[in-house]
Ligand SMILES: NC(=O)c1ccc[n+]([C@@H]2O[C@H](COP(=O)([O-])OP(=O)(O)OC[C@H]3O[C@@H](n4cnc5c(N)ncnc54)[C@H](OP(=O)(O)O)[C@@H]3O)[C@@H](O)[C@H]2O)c1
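Form predicted on its own, single chain, as structure tokens, below.
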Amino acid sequence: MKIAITGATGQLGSIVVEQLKNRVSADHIVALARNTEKASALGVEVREFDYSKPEILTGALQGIDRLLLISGSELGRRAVQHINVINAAKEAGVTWIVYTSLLHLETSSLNLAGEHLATEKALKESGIDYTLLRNGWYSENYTASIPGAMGGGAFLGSAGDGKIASAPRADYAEAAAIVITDEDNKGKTFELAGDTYYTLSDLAGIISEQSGKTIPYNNIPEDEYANILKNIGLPDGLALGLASWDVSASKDDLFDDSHELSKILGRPTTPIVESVKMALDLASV
């Protein structure tokens, strides 16, 4: 049995590889990555893989039984890229694809949903066994803003009092490794999120408590937040995206209380207080 992971050098994929090594022999794992030199540090077989190069994908997937398709990072191009991979997987004889999708995809107002919907449709039409990991928000999506909040004296956003049930990437990565090593998970759809929720006001309170510095949450209009993000150097597309995703968060699109993630893990998900502590520790190094 060969298990391959796309985006294996990425923030999620690299953790999945490490988690898989705890569950199966390293010689059963294949890291698929654009940068094969970087991937060589993972200690498993490495193959060149680029979602945008369909001519190399089928060859790279030869002999692969199970594929973890981690959604790409190039917004606006992902549906085409993912379909390239699915088509190549079918040609190469891959028997099972596990795909990292989006929480509550059918009802989500997140502008990320369209490309995930197109990918899920392609999977369903491919004839390949598939499993959907509909991942909620990564805690790091918000804790990455802590250094800026500390410097500016406030945590900014447009999420209002929206409930956010996040978990760190490591929790989602561990779940992916568990799911893909158990064939009983074929055909299932998992809605994955953290066990407990917080608002951005709650998050600001946690940052304040742990840092000893008063950091209020300032809720601002979407366009104003996007402009602030542009002014600190974020690319226009990302700034607009982050602001719009916060607005979706205000509608509870990042909330789920099914506890499916912790059921897979067999333990509670990592609480936001721990993620904040880690971010503050890193910021102080």
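This one's a predicted model, so the numbers in the text were calculated from it and none came from an experiment. Just count from 1 along the sequence shown to find any residue number.
The same protein has a further form, the form predicted in complex with the named molecule, not shown here; the description that follows concerns it.
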{"query": "Residue 49, heavy atom within 4.5 angstroms of the named molecule in the predicted complex", "finding": "yes"}
{"query": "Exercise: residue 81 in contact with the named molecule in the predicted complex, heavy atom 4.5 Å", "finding": "yes"}
{"query": "Close approach of residue 25 to the named molecule in the predicted complex, 4.5 Å, heavy atom", "finding": "no"}
{"query": "Proximity of residue 8 to the named molecule in the predicted complex, heavy atoms at 4.5 Å", "finding": "yes"}
{"query": "Stretch in contact in the predicted complex with the named molecule, which is absent here, among 49-57, 212-220, 232-240, 255-263 (heavy atoms within 4.5 Å)", "finding": "49-57"}
{"query": "Residues 145, 148 and 267 all lining the named molecule in the predicted complex, heavy atom within 4.5 Å", "finding": "no"}
{"query": "The unique member of 198, 137, 130, 190 whose heavy atoms fall within 4.5 Å of the named molecule in the predicted complex", "finding": "137"}
{"query": "The named molecule: the contacting residue among 70, 226, 30, 61 in the predicted complex [heavy atom, 4.5 Å]", "finding": "70"}
{"query": "In the predicted complex, residues of 9-45 near the named molecule [heavy atom within 4.5 Å]", "finding": "9, 10, 11, 12, 13, 34, 35, 38"}
